[in-house]
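Read the single chain below, which is given as structure tokens and is the form predicted on its own.
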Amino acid sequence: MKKLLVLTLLIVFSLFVFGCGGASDDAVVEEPEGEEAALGYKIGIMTGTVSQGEEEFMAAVELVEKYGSDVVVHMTYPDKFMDEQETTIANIVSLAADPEMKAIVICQAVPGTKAAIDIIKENRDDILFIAGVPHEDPEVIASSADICINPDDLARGETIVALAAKMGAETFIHYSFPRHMSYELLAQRRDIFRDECEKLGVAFVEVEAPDPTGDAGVPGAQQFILEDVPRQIEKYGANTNFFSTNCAMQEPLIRMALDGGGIYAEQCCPSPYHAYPGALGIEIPEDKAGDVAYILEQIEAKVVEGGGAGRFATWRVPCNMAIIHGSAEYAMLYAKGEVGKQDFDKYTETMSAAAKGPVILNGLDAAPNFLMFVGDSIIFGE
């Protein structure tokens, strides 16, 4: 009842803000000044906080710095987004309350995204919505967002196991928790992991970890990883690959896998920026921010120094950063009237530019606007 009441209030609020019949002729409108006046449009970007997703948070910050806060409006959703979906919904709705808002990019598109989009579209069907790394089922979120973009988790079910086996894995540890396993694509990928491991003679082991949105929060989930990885290496040996479905677990996972001589083929959100710098103590100078070649060199040096040459890898392309940058550039084109909501050829161009390499996007049969991609991997010290 409480959630229903909150959603009802949000709908009333949106009607109050957006109006039912447009602005009155007598309404007083403040004229924008400076660059905002010249552009006459804004795009919104919603990400997690630094603790839940530093990569997408920093990508949004870079766009604000590039275009200015008068053009790019950045908001975050709560760390405990499962318990505070009303806050996520309210934040997205508030972005759309600005009449100059033309597009909203949400990455990661956590639960509540669809509800917010549906509320907004009752009165603002002109806004473009791009949902990056959606947490809601593909057909569900694709029915509301104009474009959905996600790493091809099903294809990764094959490529990650193949890469782990190539690096010598005899056991594959899969860390997750019931909330993530309720997501269709993550559950299907887990099943593909298991099947591919069987084909390649790799033992597949599921380990339930604490949910970072639960009572223990992110610190509790990270502490579990710090303590469990050594246990698994003692049990199964160093030729064990570690994988987790959660972003906040990646730093301790990398650190402990390297300390124990284990294998780490790929993060949940593959990118050289995701967790590797924090796990390996790499500080990125301001003048090297966004320099992919530099960070790859630094990671390789640390991995080799730690004795992990040939046993640690990631995508050459920063996954979530590419999604936010590519989606934001497409949103800019839409705001200027240069593309429609679903010009997938142009979207492929902006994604490829952001990824600094060709990207092939594949849509789902049941939801053609739910696009997926896989990037090339680099094995450090190979």
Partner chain sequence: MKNILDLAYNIIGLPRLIISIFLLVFLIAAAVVDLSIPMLTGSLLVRVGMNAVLVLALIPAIKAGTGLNLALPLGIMCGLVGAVVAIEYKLSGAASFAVALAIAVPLAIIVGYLYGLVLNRIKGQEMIVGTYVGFSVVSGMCIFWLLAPFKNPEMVWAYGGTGLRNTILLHSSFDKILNDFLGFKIGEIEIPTGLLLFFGLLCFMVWLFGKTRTGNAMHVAGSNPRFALSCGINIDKMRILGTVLSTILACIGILVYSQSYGFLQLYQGPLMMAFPAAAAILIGGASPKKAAISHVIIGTFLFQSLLVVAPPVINVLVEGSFSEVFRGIVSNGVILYALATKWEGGE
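What you see is a predicted model; the values in this text were computed from it and never measured. Positions refer to the first chain, counted from 1. Rigid core here is just the name for the largest C-alpha set that superposes within 1.5 Å across the two forms.
Note that the form predicted in complex with its partner chain isn't included here; everything after this is about it.
- Among L128, A165, I295, V71, the residue placing a heavy atom within 4.5 Å of its partner chain in the predicted complex is I295.
- Of the residues given (T171, N150, Q108, Q222), Q222 alone sits with a heavy atom within 4.5 Å of its partner chain in the predicted complex.
- Contact annotation: Q52 falls within 4.5 Å of its partner chain in the predicted complex, judged by heavy atom distances.
- Contact check for E62: a non-hydrogen atom falls within 4.5 Å of its partner chain in the predicted complex.
- When contacts are judged by a 4.5 Å heavy atom cut-off, F177 counts as touching its partner chain in the predicted complex.
- Its partner chain in the predicted complex comes within 4.5 Å of no heavy atom belonging to D195.
- With the partner omitted here, the stretch from 260 to 268, 237 to 245, 73 to 81, 306 to 314 that lies within 4.5 Å of its partner chain by heavy atoms in the predicted complex is 73 to 81.
- Judged against its partner chain in the predicted complex with a 4.5 angstroms heavy atom cut-off, the residues V207, E227 and E283 are in contact without exception.
- Core-aligned CA deviation for D228 between the shown form and the other one: 2 Å or greater.
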